[in-house]
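Next up: a single chain in structure tokens, the form predicted alone.
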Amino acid sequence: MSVSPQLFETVLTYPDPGMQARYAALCGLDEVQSHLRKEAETLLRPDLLEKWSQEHHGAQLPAIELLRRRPPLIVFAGDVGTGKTELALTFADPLAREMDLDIELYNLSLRARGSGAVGEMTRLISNAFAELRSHCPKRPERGRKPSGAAVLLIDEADALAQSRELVQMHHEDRAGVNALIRGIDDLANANLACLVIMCTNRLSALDPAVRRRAAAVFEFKRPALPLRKKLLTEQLAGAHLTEKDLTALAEILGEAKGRDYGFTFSDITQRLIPAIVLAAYPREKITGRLALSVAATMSPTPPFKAESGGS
């Protein structure tokens, strides 16, 4: 589908085999994935809640209407490299398969912030939501499923939705946040089969009005020791590393003297494991000693720190 590159980086359509494989490769997010599926499914298809209520309670519970009226906003918050964006890009694939729907994901461009000209940021954000609404199917009458659905992904959301409580915030940025909030409210009022996913490294930096509208907030953390070991065991399966080797490797990827944070998921999967493989290729095999020596030369990505004056 052709969309304005000034508004959206890409538009992805699900189901998609590549995204299916990437979603399956996510590790350590089982609880988040399960809860997210329920939240997204019931926001897009309240008819499933109505069916559940009728089957299990013999009536439509008043609570169902409360769930129907929630703004379609979900926030992913947490440290860098913990899987927020990867889950945001891939979760629509199993959802599309399970609900038997075509889902389109619109990845909002940070160019939507504009150049700082008066009114530009507000106009771009308003246009992005208007274009999304024009492509998004309505949720049908009670008891029926929609013909399709859409997801708006806003990565690095604090760049667009930073708290208006900041004293030094520019007027144009405040107006942009207002436009963002109006866009979310308009989606809810229009009763569209749509979700907005915001990813942020700084939950506290998001405007309180944005946070209040979130149907759910998922917090992502760096992997603890058991998860680090599981990740290494899965990705280095067949290398015949011993239990002792894997445990030692997982341990040095955690907190250490002089730092109170360990390796992120992406540190392990995108940097460490490829570095271990390449250290052995093409003439050696992977050993515990080699893996430990590679890990010893690497440092984890530091946690994201708010800029001075941020909330």
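Quantities reported herein were computed from a predicted structural model and do not represent experimental measurements. For every residue, the number given is its place in the sequence shown, counted from 1.
Same protein, other form: the form predicted in complex with a small molecule, not shown, and the subject of what follows.
Candidate site formed by Thr82, Ser266 and Thr269: every one of these residues places a non-hydrogen atom within 4.5 angstroms of the small molecule in the predicted complex. Of the candidate stretches 53-61, 25-33, 277-285, 248-256, only 25-33 has residues with heavy atoms within 4.5 Å of the small molecule in the predicted complex.
Although the partner is absent from this view, Ser109 stays clear of the small molecule in the predicted complex, with no non-hydrogen atom inside 4.5 angstroms. Though the partner is left out of this view, Asn201 does reach within 4.5 Å of the small molecule in the predicted complex, counting heavy atoms only.
Although the partner is absent from this view, Asp102 stays clear of the small molecule in the predicted complex, with no non-hydrogen atom inside 4.5 angstroms. The closest heavy atom approach of Glu156 to the small molecule in the predicted complex falls within 4.5 Å.
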